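Shown next are two forms of a single protein chain, provided one at a time as structure tokens under the names structure 1 and structure 2.
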Structure 1
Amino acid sequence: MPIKILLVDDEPLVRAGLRAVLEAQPDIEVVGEAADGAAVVPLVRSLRPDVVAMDVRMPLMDGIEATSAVLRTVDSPPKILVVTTFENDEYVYGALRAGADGFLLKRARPAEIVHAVRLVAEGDSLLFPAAVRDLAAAYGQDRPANEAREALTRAALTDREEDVLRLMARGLSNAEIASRLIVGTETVKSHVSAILAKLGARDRTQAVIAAYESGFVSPA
């Protein structure tokens, strides 16, 4: 029984991105999309999603209003995950106060997004992924926001793991990666396992997909 999720964002591109990331997971099913908070309540009633991924800024009804509307008017409401670009975090906290169960950053890695969805679906509310903690730490240290953003969009892979992922994303087998990096195949297997775990991928194919979807590698 997969996690049913409804995507609410005024930008089709963001919805498409979320859909691509989430539907790559066998245990998550995107049951619908909406372009504005105003459409959320009826959709939640008809589609009965487990989770709603809710943008904050939307033309007619913003994510805060929509969140409280859903929680106010729907029986056994879905978990609500607030999606933000972080530019306006005061909105995010507003949404959390309105009853949202967690939030995630649009620039988060696919694996983090997936993880966030699974977490709220399981009932772990008020999600603070590692990426957000890092972000907060960065602000505490008064580092420039851009740097923090960089740290977010990039996977928390070690240098060596990034090397391996790059070669995976070019279609090399473990043995070929090993000979390329002048290490043993067992070493490569260790790195690959670590990469799969960190990315939340089940196999190397999903890892390569994550590499493309996150922009870690790009088509020619």
Structure 2
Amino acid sequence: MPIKILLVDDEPLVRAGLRAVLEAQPDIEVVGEAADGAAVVPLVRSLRPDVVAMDVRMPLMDGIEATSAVLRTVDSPPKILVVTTFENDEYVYGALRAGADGFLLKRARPAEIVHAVRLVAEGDSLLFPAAVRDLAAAYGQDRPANEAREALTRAALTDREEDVLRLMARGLSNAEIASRLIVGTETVKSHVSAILAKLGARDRTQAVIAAYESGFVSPA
């Protein structure tokens, strides 16, 4: 089955460019478009996309609000890929904290756009781990560190789960973590699921942000 994607951006040229790149792939299908975050929830409910590629800055409802609305109101919500002009953007970090699964620069090359959509749809590794680390270094310190540390302490991760979380933060896929720790891929998947459940994280992006904000992994 192809990856179904919804494009959300207030610039028609950006939507047209993304559509042209993505529809050239046999495994990706653009199922709809919207010009503002306010239209996302009803479209997600009717079109049931696997991924929403969404501009982080829009006039009526920005990507942070729209991400929160989708995750709060839609059953089995899609993966959310934030699209942005600037890499080091506090809005992007806010969207990731709100539950977005990754972000993509508007100036990205076609191959990078396709790779980002596939990686986010699969959910087996962190998209652009170095960029996430830089965002955490720039903006994560603005969050209440004590609260983040207490949440990680309450999670009571096992030693092996802590090892897996550190490798997740480095951007390793489940298969790469399995090779590094000399265990099976299914074992790693079980550890990742346990980490997400204990941290109350939607996916590995939120788990890694929690690791940075708590000081468990240093973004420096």
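Since the model is a prediction, treat every value here as computed from it, not as a measurement. The first residue in the sequence of structure 1 is number 1, and each one after it adds one. We call the rigid core whatever largest set of C-alpha positions still superposes within 1.5 Å between the two forms.
Here are two forms of the same chain; which is the form predicted alone? Answer to the question: structure 2 is the form predicted alone, whereas structure 1 comes from elsewhere.
Checking residue 26 here: with the core superposed, does its CA move 2 Å or more between the two structures? After core superposition, the displacement of the residue 26 C-alpha between the two structures stays below 2 Å, so no.
Tell me, please, whether between the two structures the C-alpha of residue 164 is shifted by 2 Å or more, with the rigid core used for superposition. Yes; that C-alpha moves by at least 2 Å between the two structures.
Per-residue C-alpha deviation between the two structures [residue 193; rigid core superposition; Å]: Between its two positions, the C-alpha of residue 193 lies 36.8 Å apart after core fitting.
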